[in-house]
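In the form predicted alone, a lone chain appears below as structure tokens.
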């Protein structure tokens, strides 16, 4: 797939937005795929016993799906040169309602010499930011 046209980008452009619904089933499937069977990701009693507000989504699951809109926009995962986040708040997944995480990807910086775009992600659960300083560097040259 062709790369997005670097010359047509401007700082502040929103390049992708997406919602990710999570359920407890999603967490169990991710645990099986990742091998991370820490019970805070599927048992309310264990989460409560360690002072958590409820069952939490895996941090790496959140980090992984948050970058996917940028990968899709870039057209090739090999164009992602760097990806970094700070985990700022947990994603609590309700046993009935689940959780809906929203991702907005916006151009934060353009390096014309290297034809690299820094895409800043805003990742939220409701009004709460769950990933801070989430940045993806995408090589478009």
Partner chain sequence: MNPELQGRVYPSTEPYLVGREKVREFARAVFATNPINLDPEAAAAAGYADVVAPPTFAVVVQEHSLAQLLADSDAGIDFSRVVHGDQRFTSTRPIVAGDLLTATLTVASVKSLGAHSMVTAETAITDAAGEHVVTAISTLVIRGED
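Positions refer to the first chain, counted from 1. Treat the numbers as computed from the prediction; the structure is a model and nothing was measured.
One more form of this protein should be noted, the form predicted together with the partner chain, which is absent from this view; the next part is about it.
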| message | Suppose contact means a heavy atom within 4.5 Å; in the predicted bound form, does that hold for all of 63, 71 and 84 with the partner chain? | response | yes
| said: Check residue 78 for me: does it contact the partner chain in the predicted bound form (non-hydrogen atoms, 4.5 angstroms)? | reply: yes
| query | Is residue 126 close to the partner chain in the predicted bound form, meaning a heavy atom pair under 4.5 Å apart or at it? | reply | no
| query | Should residue 119 be counted as a contact of the partner chain in the predicted bound form, where contact means heavy atoms within 4.5 Å? | reply | no
| task | Spell out, yes or no, whether the shortest heavy atom distance between residue 46 and the partner chain in the predicted bound form is within 4.5 Å. | result | no
| task | Just give me the residues of 21-40, first to last, that have a heavy atom within 4.5 Å of the partner chain in the predicted bound form. | result | 21, 22, 26, 29, 30, 32, 33, 34
